[in-house]
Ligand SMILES: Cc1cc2nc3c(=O)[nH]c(=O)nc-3n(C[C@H](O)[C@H](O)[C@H](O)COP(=O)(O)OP(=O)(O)OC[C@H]3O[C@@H](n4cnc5c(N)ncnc54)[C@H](O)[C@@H]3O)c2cc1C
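Just the one chain here, the form predicted on its own, laid out as structure tokens.
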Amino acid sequence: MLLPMFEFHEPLSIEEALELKKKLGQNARILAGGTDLLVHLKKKLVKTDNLISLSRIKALSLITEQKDSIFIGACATMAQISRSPVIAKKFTALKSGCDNLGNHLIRNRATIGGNACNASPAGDTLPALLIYDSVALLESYGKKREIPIADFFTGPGKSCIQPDEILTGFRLPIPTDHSGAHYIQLGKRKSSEINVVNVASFLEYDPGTKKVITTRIALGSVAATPIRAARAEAALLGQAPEEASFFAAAEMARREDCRPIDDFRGTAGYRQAMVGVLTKRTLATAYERAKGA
């Protein structure tokens, strides 16, 4: 299966890429790692006359630690993010998401920006981006805007990115003390398979009162987009971080927060059951990491 004919552009700066996007408009597609887009082009699922590759723009591949946040460029690969010391130490759920995406070959090419722009409800890094309260950074010609990640996804394969915009990266607040997070994905195979269910949880507790003061739970593969489990989060807030409260939150996520469907990978009932199992497990591990922190 061959790629169709197209013009290939390799800008060396964000400004040059934005100029090309403005000039070419709807006749151009942005290329990062290409692990999804090139396959879609081969299968004729999408068409374009121009590809604008971002791979030579060094600023888009940076991972930079700032005072109270980190910046992850949209073209940072899964392997690069996983190897980052600050990610491994402070953003363990994101590291797990990167480590679970595809296989070694895919992780060396696939980018976090591409994973977000693909907007699959089953995307491996997307629940982690949700629980870390990430902000997506978008640029168009002469304008920038920031979008909370919870507002970024609008439907299966759809995001809020406008036709003239490029996703340049994400800003993630540095997690507070006494907090931890975890991510688990469930698929039919170890790698190279779309997830059946994937869950990430973030938990912060007060060591004085021994109560949960912040919790964020994100569910993948059980709705039209990756979603926050708002009712489960509310059920856990102010509770003691223990098995009973984790079970209660997991039950709320299972019964109230997810909206799974049947497909060839699994039934809605199975997905719903696994939401409960994985939510409880991720919360328990997040708490253990919070105590260690």
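Each residue number is its position in the shown sequence, starting from 1. Owing to the predicted nature of the structure, the values given are computational and were not obtained by experimental measurement.
The form predicted in complex with the ligand is left out here; the points below concern that form.
Remark: of stretches 212-220, 106-114, 84-92, 140-148, the one touching the ligand in the model of the complex is 106-114 (heavy atom within 4.5 Å). For residue 102, a non-hydrogen atom is located within 4.5 Å of the ligand in the model of the complex, even though that partner is not displayed. At a distance threshold of 4.5 angstroms between non-hydrogen atoms, residue 34 is in contact with the ligand in the model of the complex. Remark: residue 80 does not count among the residues lining the ligand in the model of the complex, judged by a heavy atom distance of 4.5 Å or less. The shortest heavy atom separation between residue 41 and the ligand in the model of the complex exceeds 4.5 Å. Of the listed positions (184, 196, 161, 172), a single one reaches within 4.5 angstroms of the ligand by any non-hydrogen atom in the model of the complex, namely 161. Proximity to the ligand in the model of the complex, defined as a heavy atom within 4.5 Å, holds among 72, 131, 166, 136 only for 166. Although the ligand is omitted here, in the model of the complex none of 203, 239 and 291 has a heavy atom within 4.5 Å of it.
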